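The form predicted on its own is given below as one chain in structure tokens.
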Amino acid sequence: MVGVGLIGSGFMGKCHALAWTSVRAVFGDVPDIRLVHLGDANAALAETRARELGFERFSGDWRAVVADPEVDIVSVTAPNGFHAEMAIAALEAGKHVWCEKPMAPDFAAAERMAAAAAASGRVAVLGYNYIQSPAIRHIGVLLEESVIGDVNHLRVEMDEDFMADPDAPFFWKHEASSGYGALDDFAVHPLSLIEALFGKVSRVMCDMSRPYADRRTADGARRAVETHDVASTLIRLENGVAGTLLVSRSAWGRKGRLQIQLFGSRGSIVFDQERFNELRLYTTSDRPTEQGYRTILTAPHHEPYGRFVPAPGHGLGFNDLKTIECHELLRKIEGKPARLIDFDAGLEIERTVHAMARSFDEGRWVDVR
């Protein structure tokens, strides 16, 4: 029996709860999951969410979740600025931690999180669920098999339009306390794909912008936007591959676009998160008369797709990736190989993000290390 605590029950908190509820039914090879304790901003909200999500008890104080002796694993899905304090407290209390990305707005806080994880001997991982996609996993197989030859260039873009409306109100993601903006919120996901498929970034050159200088507040006043919603970065990987990383939270028409293009000596690969269950492959090994991108639909032979759907082309969804990530976490706790971004790997992603921000401030190329 594994006792689960959840801190924060918004969108990502619900995703974690659904993953904990379904992981055993989907994969089978995991212990019984017990939803023990939910904590949120106040007791009334916590009570409502605990009833909806199936937790046995609730609290308006997250520290009660961490202190609960029946909680073995704590899911941290509170806003970014709270991650460090909550994760470190849980680790020091002897709990495993599943914390949403990014680690923390402040790099020193992220370092403390990594140090606490190392000192605790517990498993501490971050919610980079896009690396769990069967399509992304298969791209890794294609790269290992050199199907497109030696990769010489990559392009990664992540765009949404939830901040595209100039009349939308000011909220916490516009505050400097939340981080840099699109770099913390979005760029970390493309960096997790790069980490999973290639390794580390060595050098960066970044530019950022604010499409809208201010936003209206609840009282009708205008407040300056403190974060940057758009970032464009030139990158160089440690293996020598060059690339670009482009992110925007103000891109009208983009709903969940995370596109990666890989160009090699014998072909190329394209994946777009808005077409979640397919990838496109071009290989020069085809006859010239048939050369062109072929569309590959994910299917049961693209693991672990078959755990959810027995038929090709029917497709998985965002929450399914969280269930896969939950299963990988349980495997890691059992000492088995697992596909995850732990706090050490997450710290390298944070290091890259902060190097990008420094590059923008100083107007030059910056070495990540």
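Every value quoted in this text rests on a predicted model; they were computed, and no experiment measured them. Don't overthink the numbering: it's just position in the shown sequence, from 1.
Omitted from view is the form predicted together with another copy of the chain, to which the following refers.
Sort through V36, I333, I33, V309 and report the residue having a heavy atom within 4.5 Å of another copy of the chain in the predicted complex. Exactly one listed residue reaches within 4.5 Å, namely V309.
May I ask you to choose, among D214, E92, E238, D286, the residue with a heavy atom within 4.5 Å of another copy of the chain in the predicted complex? Only one listed residue qualifies here, and that residue is D286.
Would another copy of the chain be touched by all three of Y130, R275 and T295 in the predicted complex, meaning a heavy atom each within 4.5 Å? Yes, the whole trio is in contact, each within 4.5 Å by some heavy atom.
At the 4.5 Å heavy atom threshold, is G253 in contact with another copy of the chain in the predicted complex? Within the cut-off, so yes.
In the predicted complex, G179 touching another copy of the chain (heavy atom, 4.5 Å): G179: no contact with another copy of the chain in the predicted complex.
State yes or no: in the predicted complex, is some non-hydrogen atom of P79 no more than 4.5 angstroms from a non-hydrogen atom of another copy of the chain? Outside the cut-off, so no.
If you check in the predicted complex, is H302 within 4.5 Å of another copy of the chain, heavy atoms only? Contact check for H302: yes, within 4.5 Å of another copy of the chain in the predicted complex.
Out of the stretches listed (137 to 145, 117 to 125, 98 to 106, 69 to 77), which one is close to another copy of the chain in the predicted complex, meaning heavy atoms within 4.5 Å? Result of the contact check: 137 to 145.
Which of the residues spanning 155 to 180 lie within 4.5 Å of another copy of the chain in the predicted complex, based on heavy atoms? Heavy-atom contacts to another copy of the chain in the predicted complex: R155, E157, D159, E160, D161, A164, P166.
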